[in-house]
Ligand code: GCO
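As a starting point, one isolated chain is supplied in structure tokens, in the form predicted alone.
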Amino acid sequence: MAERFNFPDGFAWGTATAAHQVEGNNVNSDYWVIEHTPRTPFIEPSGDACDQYHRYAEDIAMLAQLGFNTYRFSIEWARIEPEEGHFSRAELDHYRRVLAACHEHRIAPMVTFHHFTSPRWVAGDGGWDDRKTADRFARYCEHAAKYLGDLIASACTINEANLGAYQYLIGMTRERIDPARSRWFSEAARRIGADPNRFAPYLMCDHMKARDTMLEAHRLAAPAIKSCGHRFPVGITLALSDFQAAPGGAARLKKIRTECQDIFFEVARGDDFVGVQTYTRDRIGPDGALPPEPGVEKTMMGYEFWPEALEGTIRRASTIAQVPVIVTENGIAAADDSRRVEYVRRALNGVARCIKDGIPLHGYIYWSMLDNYEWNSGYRPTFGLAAVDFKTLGRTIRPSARWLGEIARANAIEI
């Protein structure tokens, strides 16, 4: 028999976006260059995206009307510091208006300072392979936080800082794109006047070097953000699959956990929270991740439909990091919206079990608010609680949005 579970007072209910995926025309970023290079692996460029750069007010109002109380979004380094040392007052003022719109609708803004994309000049001068990027990132964070901090409710330094190492260790990617063998990569570097061997956008660099640079960037950025003089929680978000050992995979699983999860959990011990971002499980064999078993349900991204993964990653993050947890991303790309409801329902049941067991879990943020630009997959996967017509840029609220919004409004669920 179902019982009503009440979430703790002040629980954060929200949705998330990333600047490059929704704002549109992020022309000073490294990924914009890559998307427009011939023979790129990206199936289409981001273009106008969802035009949220101009439509943020209506999107934030939609969240409030649905019943959410939190909006996680990123500010774009490539807009704020388009050339080294030049900080754009106009772009900072734009993000102040976005933050003010959140407060107008009683939405708590959770700001991410880096969500995959970087300025061209950063990527072309060693990027995330180079330790000095950590210092440059911290300087940007300090400058932006001083200008925006009075309106920020909480902050994430880096989105999925461990993702490159995770993808490499499970066998999804090579150690680094080889410019000598990748004509499109070399051409992208040439277009910004960079040495291809120094061109290192995040997720296209030396993944283990980038891991260490990201760790140092977070160590420097968290106090830089806090130096703004305004008190709000600061943490980091991590890409966390629920790893499960297949026959012969125990040793490989231990290595993966140690090198792309635990090292970040240990750094997070000095933070106000750790952000858990989980979509599925990975079964690990001797050589890395195994494909989903034949016949299992898969999402539009090709992941196994496994909402129970979230409970496992919350428990592990809490145990090792020993700080409060916020689910900063969880969701599904689905053509059938009823499967989105089923996925989130089962994931939230796991969230409830964690809270019942005393885990300090402070929020659940669904990915994503809108159908958006899903990187090299383009606009095909549909994660959004709201559908977007990419010809008119009109939004249509899905039934799953109203369902989740009612849970957020009630701060309770039947489990």
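All of these numbers come straight from a predicted model, not from anything done at the bench. Numbering starts at 1 and follows the sequence shown.
Missing here is the form predicted together with the ligand; even so, the following discussion is about that form.
Of the heavy atoms in Glu374, some are within 4.5 Å of the ligand in the predicted bound form. Although the partner is absent here, Trp367 sits close enough that one of its heavy atoms falls within 4.5 Å of the ligand in the predicted bound form. In the predicted bound form, Thr157 stays away from the ligand, with no heavy atom inside 4.5 Å. Contact check for Arg281: no non-hydrogen atom falls within 4.5 Å of the ligand in the predicted bound form.
Checked against the ligand in the predicted bound form, the candidates Met301, Met208, Met172, Leu290 yield a single residue with a heavy atom inside 4.5 Å, and that residue is Met301.
A heavy atom within 4.5 Å of the ligand in the predicted bound form is found for one listed residue only; from Phe116, Trp121, Tyr140, Tyr147, this is Phe116.
In short, of 157-165, 221-229, 335-343, 85-93 it is 157-165 that has heavy atoms within 4.5 Å of the ligand in the predicted bound form. The single residue of 14-36 lying near the ligand in the predicted bound form is Gln21, the criterion being any heavy atom within 4.5 Å.
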